[in-house]
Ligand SMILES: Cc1ncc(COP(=O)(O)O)c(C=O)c1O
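Starting off, we have a lone chain in the form predicted on its own, written out as structure tokens.
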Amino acid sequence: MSKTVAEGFYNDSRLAKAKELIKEALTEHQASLTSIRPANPALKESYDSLLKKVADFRGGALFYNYLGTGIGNGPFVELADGSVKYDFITGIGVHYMGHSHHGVIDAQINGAISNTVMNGHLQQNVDTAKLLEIFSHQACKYGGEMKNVFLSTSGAMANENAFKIIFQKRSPASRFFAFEKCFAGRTLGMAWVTDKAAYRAGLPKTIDVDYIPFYSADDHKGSIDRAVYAMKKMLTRYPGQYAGFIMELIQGENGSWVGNTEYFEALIQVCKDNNISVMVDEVQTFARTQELFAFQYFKLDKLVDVVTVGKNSQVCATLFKDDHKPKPGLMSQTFTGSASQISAAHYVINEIVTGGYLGKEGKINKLHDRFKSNLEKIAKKNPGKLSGPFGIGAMVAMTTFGGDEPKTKAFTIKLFENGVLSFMASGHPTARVRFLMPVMAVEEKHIDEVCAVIEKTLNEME
């Protein structure tokens, strides 16, 4: 027998027919989800009860009163109160393909009908091999050497694995460099890397981290000089004690601050001169610039040792060079992702690579230009209420009301009530409103409609 039993099963015409019926039914029910819709008053009592139940069980209320029904239509999502909203934050950057995407549903079904729910490092299905291959080949596309891929279930765990790899490689060095206002996750380890004291209140110290000022486009040379000086000063204070430098090339949680190639090259040169590994955290930036990886956009391919990805990739991963291969026993995870996640991850990444999203003329850049142009017009008409925009590619941010944190938070809540999901970033010294578009689902007309709601919301606030 030349084929496996599984090949016969997956190619069974009855499965193909079943998937077509699902998509046919979905298309029919999605037909009405094409615009913002207010909540249904008849559902208010039951919805409020659900929200209270969730808050009681999880130990605190949700940031937004958001409980989805499990159906949407591209950039639109239906909530259990009957409302329909534009999702322009996508679970803080996870739902790159929007809601109820037919291709993704196909991929998920393929994973769902496999024999196990979860894959792990002891037992992987063949879909894992395809996913590892596309990660590896794309990371090495322009001469990068990070061909090794270790899957994990969260971005924070991908970062934890990267730290373990680097600490083992550079033992006994035990310190790390990071950028001021960085975000690396909230695990016990990453809480001490993330530059926000509130996220580690009451936690025992795990990692020694020294923070380097991030790039400012308003002072290009000064940014470089200050950062290099800060690194060299700390190297003098702690000689031989630095294992790695975790770099966010675009700071997402801080409000979409964009770095610079020359700036990064200068810092990386200090790393290379002192046997310090260069780690790039792309949990948020993956697939949001005109290149699949942000390190490729900044042309750092040959300079990076370890990179982490997540969110858009659906399954998170740590990629690393041969000379950073961990010793046996350092890393192993029972779960590396569900079969549906792994199948969907390969579909999404392949679609991004082949579907016209990347490059200077790709969809990502075109969407950014449209969003940027609209926000600039709104800012001009509303001086003092909106400034910016900031960011790059599928990462867009703006400052409202001079960056006042309470007003900015109130704006995001009001924007949510008016039908658009965003999120607040930073707050020190100024807060920003940020957007992470569902690139696979958004068209320019959707951006125009979202910006109209943004302007309406600004004008409703005093």
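Note that residue numbering follows the sequence shown and begins at 1. Worth saying up front: this structure is predicted, and the values here are computed from it rather than measured.
Beyond what is shown, the protein has a form predicted together with the ligand; the following relates to that form.
> According to a 4.5 angstroms non-hydrogen atom cut-off, is E253 in contact with the ligand in the model of the complex?
Replying inline: Yes, E253 is a contact residue.
> Does the ligand get within 4.5 angstroms of any non-hydrogen atom of P75 in the model of the complex?
Replying inline: The answer is no: P75 has no heavy atom within 4.5 Å of the ligand.
> At the 4.5 Å heavy atom threshold, is S100 in contact with the ligand in the model of the complex?
Replying inline: No, no contact at 4.5 Å.
>> Is it the case that E248, even though its partner is missing from this view, gets within 4.5 Å of the ligand in the model of the complex, heavy atoms only?
In response: So E248 counts as contacting the ligand.
>> Can you pick out, from V283, I166, L292, A339, the residue that has a heavy atom within 4.5 Å of the ligand in the model of the complex?
In response: Of the candidates V283, I166, L292, A339, V283 is the one lying within 4.5 Å of the ligand in the model of the complex.
> Within 4.5 Å of the ligand in the model of the complex, heavy atoms considered, which of Y86, F264, F183, F371?
Replying inline: The option sitting close enough to the partner is F183.
> In terms of non-hydrogen atoms within 4.5 angstroms, which of the given stretches 77 to 85, 236 to 244, 151 to 159, 125 to 133 touches the ligand in the model of the complex?
Replying inline: Selected range: 151 to 159.
>> Only counting heavy atoms and a 4.5 Å limit, does any residue of 306 to 333 reach the ligand in the model of the complex, and if so which ones?
In response: Sequence-ordered list has one entry, K311.
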